[in-house]
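We begin with a single chain expressed as structure tokens, specifically the form predicted alone.
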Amino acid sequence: MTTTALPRLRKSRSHYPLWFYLPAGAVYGVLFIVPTIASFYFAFTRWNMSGTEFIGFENFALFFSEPYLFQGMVNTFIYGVLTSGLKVVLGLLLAVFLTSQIIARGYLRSVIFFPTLVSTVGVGITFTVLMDPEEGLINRALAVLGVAGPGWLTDPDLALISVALVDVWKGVGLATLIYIAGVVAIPQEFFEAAKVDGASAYQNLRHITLPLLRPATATVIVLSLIGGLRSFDLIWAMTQGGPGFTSDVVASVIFKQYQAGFWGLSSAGNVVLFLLVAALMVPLYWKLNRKEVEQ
């Protein structure tokens, strides 16, 4: 082969793998890029089935004048931080437990991960029945123990927290799976050397497991926080933002506007939510990854 043919061969090889990206790129473009661009366009219009009318930033002004928007934003941050924090802590503890030498380890892993596969709406309806203050199984079990169960979904102070706990129950399996993959990937030589030095289980966890699980922790934080900030289906299935507006989040406020027929206004709300999540998660993702590189 001549030297002049080498660049041509390298060029043809460099373009060949790109064809494998086309199917995924087409699906991503149709299901994400196109709807995102359309949402940005409709956010500046007053539209319905008969047509559209460009009105500039009027929808955004109306959206920010929504009387319960501030409460919805506060609830969104509380929900996102609470669910993300609990998934990180519980996922890590469960992963450490499920990678130890215990009986029926594989079965327990499948049990922990199973709720992730169940429909979110189905989980919401099920726990709505279980958390019923009068006939719910949870309060009946507490009554047997002599404890008066609260109104999990009817008490304004408990409704959002109750839904968040159900979200953690459903989503902790994915966090656990990510942490298990991280724990299994840690070379055993580190633990063997620590055993020779007389390190305890706590010292192994603190000085070996936790530092080497930083990439897994960053992944769990980012995924769970994005999911928490964008959460809608579980909240709507369980409380619909109630009682009153005490468990409303930004996504449920947007949906109520859509239900009322203000489609352009709800599109503007979607744009605001998208920009809000991006403004929070991009710096956080960059900071977490930079810490991993520095370590």
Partner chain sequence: MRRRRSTGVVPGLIAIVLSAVVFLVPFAFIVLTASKTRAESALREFSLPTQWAIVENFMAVIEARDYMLLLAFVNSTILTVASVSIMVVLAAMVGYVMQRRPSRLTPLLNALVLAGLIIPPAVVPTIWVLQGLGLFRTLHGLILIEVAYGLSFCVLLFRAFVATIPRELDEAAVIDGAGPVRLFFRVVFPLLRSVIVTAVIVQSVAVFNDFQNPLYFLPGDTNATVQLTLYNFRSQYTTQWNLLFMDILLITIPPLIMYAFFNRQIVAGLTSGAVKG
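Positions refer to the first chain, counted from 1. Because the structure is predicted, anything quoted here is derived from the model rather than measured.
What comes next is about the form predicted together with its partner chain, which does not appear here.
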Inset, instruction - Given its partner chain in the model of the complex, answer whether the residues F54, Y68 and W152 all have a heavy atom inside 4.5 Å of it. - result: no
Inset, instruction - Work out which of the listed stretches, 142 to 150, 211 to 219, 156 to 164, 70 to 78, brings a heavy atom within 4.5 angstroms of its partner chain in the model of the complex. - result: 211 to 219
Inset, instruction - Tell me, out of A193, V121, L205, V89, which residue has a non-hydrogen atom within 4.5 angstroms of its partner chain in the model of the complex. - result: V121
Inset, instruction - Name the residue from A199, L82, V96, L177 that puts a heavy atom within 4.5 Å of its partner chain in the model of the complex. - result: L177
Legend entry - Touches its partner chain in the model of the complex: S247 (any heavy atom, 4.5 Å): no
Inset, instruction - Indicate whether D233 is a 4.5 Å heavy atom neighbour of its partner chain in the model of the complex. - result: yes
Inset, instruction - Using the partner position in the model of the complex, report whether V30 sits within 4.5 Å of its partner chain, counting heavy atoms only. - result: yes
Inset, instruction - Give a yes or no for W47: in the model of the complex, does one of its heavy atoms lie within 4.5 Å of a heavy atom belonging to its partner chain? - result: yes
Inset, instruction - Residue by residue through 218 to 257, tell me which have a non-hydrogen atom within 4.5 angstroms of its partner chain in the model of the complex. - result: T219, I226, R230, F232, D233, W236, A237, Q240, A251, I254, F255
Inset, instruction - Check V121 against L31 at the C-alpha atoms and report closer or farther in the model of the complex, compared with the shown form; the change is 3 Å or more. - result: farther
Legend entry - Pair M73/R46, Cα separation in the model of the complex versus the displayed form, closer or farther by 3 angstroms or more: closer
